[in-house]
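Just one chain is shown here, as structure tokens, and it is the form predicted on its own.
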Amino acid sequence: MKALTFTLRAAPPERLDLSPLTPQGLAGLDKRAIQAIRLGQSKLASTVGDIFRIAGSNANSLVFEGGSSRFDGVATGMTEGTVRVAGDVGAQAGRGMRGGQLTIEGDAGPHAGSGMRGGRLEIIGSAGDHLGAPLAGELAGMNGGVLIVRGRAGAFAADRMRRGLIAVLKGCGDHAGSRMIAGTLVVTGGAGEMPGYLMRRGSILLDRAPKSLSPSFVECGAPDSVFAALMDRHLVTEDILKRPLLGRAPRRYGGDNAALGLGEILFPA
């Protein structure tokens, strides 16, 4: 069966909440029922039929032909199947994902991957601030799964991350990995100021020495690291990186000792 395809008619006239359009959310619905789903967040109250032309029938594989920075909540709570967006998306893409695969072939707005618990989210372009981070009032950010940004990410990537893997391949803004609880953040292309600020546990892997660190990090030398070797192998095997990142004996800083102090930042010696 052909993937259920939503082709954008024109630029959206309002911000849209695309969270209902997931494989599990559309299972068993006919075309007429799908067209009637409300997406608009203003008094215009746009429906799926107003915004998209629909083709195909396989609800386990969704394709959005055309994107917009007004597409909020893409694949929210997704548990299975695949979603592909041929364009940009707005805020909170992949929020609360628990399974399946979301591919965004453009840029994503803030809070992409917030609250993820599983699955794979890949952003071919760049991402905004607070990648994998919690919304205001929440205690933890990303809690599992794999999140890859092939471009650049903004500030506070992996803030309060608890589990999983985030990889940013063309650099990120300030305070990457701030307040991390656990999990792994990989950044190539350079990180901004103060990575790992107030992190409790977890690992931040960089391709170069950071511009600045909190003074409450402690240098631990460059010991042979089984973890570094395993992560290098995993990142290459999963086609996240093309070549090993750290080598066998990367430099290591432990901290942030202003918090629990059981985290680490590693980069090539």
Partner chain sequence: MTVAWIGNRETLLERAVRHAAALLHASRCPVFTFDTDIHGTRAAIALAERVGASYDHADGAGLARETALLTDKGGMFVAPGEVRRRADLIAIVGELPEAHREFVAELAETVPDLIAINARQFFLVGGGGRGLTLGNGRKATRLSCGKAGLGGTIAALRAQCAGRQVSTPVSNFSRFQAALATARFPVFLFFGQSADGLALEMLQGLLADINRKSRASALHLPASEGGWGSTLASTWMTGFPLRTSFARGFPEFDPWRFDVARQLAAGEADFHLWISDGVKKPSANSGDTKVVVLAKTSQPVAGAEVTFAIGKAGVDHDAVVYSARTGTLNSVTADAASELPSAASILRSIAEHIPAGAELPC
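Positions refer to the first chain, counted from 1. No experiment lies behind these values; they were computed from the predicted model shown.
Absent from the display: the form predicted in complex with its partner chain. The rest refers to it.
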**Prompt:** Of the listed stretches (26-34, 196-204, 60-68, 47-55), which one has a non-hydrogen atom within 4.5 Å of its partner chain in the model of the complex?
**Reply:** 196-204
**Item:** Partner proximity in the model of the complex: P110 to its partner chain, non-hydrogen atom cutoff 4.5 Å
**Value:** yes
**Item:** K242, heavy atom within 4.5 angstroms of its partner chain in the model of the complex
**Value:** no
**Item:** Close approach of V218 to its partner chain in the model of the complex, 4.5 Å, heavy atom
**Value:** yes
**Prompt:** Wondering, does A167 line up within 4.5 Å of its partner chain in the model of the complex on heavy atoms?
**Reply:** no
**Asked** Can you name the residues of 87-126 that have a non-hydrogen atom within 4.5 angstroms of its partner chain in the model of the complex?
**Response** A91, Q92, P110
